[in-house]
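First, one chain by itself in structure tokens, the form predicted alone.
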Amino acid sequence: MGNDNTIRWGIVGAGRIARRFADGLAHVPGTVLAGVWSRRAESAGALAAPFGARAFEHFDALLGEVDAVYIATHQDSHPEYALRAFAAGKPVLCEKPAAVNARALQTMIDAARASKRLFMEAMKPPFYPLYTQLRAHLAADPIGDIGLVRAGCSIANVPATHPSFSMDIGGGALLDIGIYEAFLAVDWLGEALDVQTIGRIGATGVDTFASLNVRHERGISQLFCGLDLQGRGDALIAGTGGTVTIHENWWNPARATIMYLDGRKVELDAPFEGGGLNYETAHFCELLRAGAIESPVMSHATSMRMIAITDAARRDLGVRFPFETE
């Protein structure tokens, strides 16, 4: 960081999510996009130019000129870039899913801790104003013991050429969409103890739809994700004294309705600015300036609990990527 405490960000990858992250920096004070690297030099240049950033020819050269790294490549390559960043002493914010399985994720966590560098999976919902407002409200006026989370998303018009359909890069509905639902479940109910999954496998070998019933430490979650049906929706959090509905799209939360057994109804309305990625980025920057190496909101344990659910679901469905080893 410079003398003015400005955090110089470097982006690895130059796709749509990378552009959304870059746009979001305008809503995060004390940050600047300093560089972009992609395997496709032309794409890196196109992303860097509007922000006055530098397009780097080599990944290691980017690492030498930035304070923090945002990894926005396909998930099969996340561990490689994260490990190289940690070796160079750089903190990492990694797009979800941070890795395709628990073994790869644990390798990233171990490397981050060994290098004493901040590492966080970029799971955006908990940092939105609505979600933090909901947490505060339920702490003050609870709905009793929470024992059920129901959530899902399915997108019917995903192009056949989309990376989600690729076995070679770790695609599929569970990792590309279901990881969001896994977050919501473990955030409110804790670690998964048992996962039961039914679903469909598509022509390319990835899961195109999955329905999960999960038993957790503190309750049960019912989750779904898909690439061949249209099922954008809300999320339900149920307790012994009431329910919370996070209205669609729940993963970009802006409105929630709380219904209590005594008849009370509370509406929460918290619009978000930017594309939403700016909130997780601002949190990461606060941690970085404080010298932290782990987020108390999106902890390493939470990431491990999320990926454990998708690992178990993929085992049930028989989905194994060609690059995965025993």
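Numbering starts at 1 and runs along the sequence shown. Note that the structure is predicted; figures quoted are calculated from it, not measured.
Not on display, but discussed next: the form predicted together with a small molecule.
Asp176 is the sole member of Asp176, Glu121, Glu181, Asp207 with a non-hydrogen atom within 4.5 Å of the small molecule in the model of the complex. A single residue from the set Gly144, Gly231, Pro163, Gly147 has any heavy atom within 4.5 angstroms of the small molecule in the model of the complex; that residue is Pro163. Contact check for Arg289: every heavy atom lies farther than 4.5 Å from the small molecule in the model of the complex. Interface membership of Tyr81, defined by any non-hydrogen atom within 4.5 Å of the small molecule in the model of the complex, is confirmed.
Contact check for Ala72: a non-hydrogen atom falls within 4.5 Å of the small molecule in the model of the complex. By the criterion of a heavy atom within 4.5 Å, Gln196 is excluded from the residues contacting the small molecule in the model of the complex.
From the list 253 to 261, 266 to 274, 290 to 298, 32 to 40, the contact stretch for the small molecule in the model of the complex under a 4.5 Å heavy atom rule is 32 to 40.
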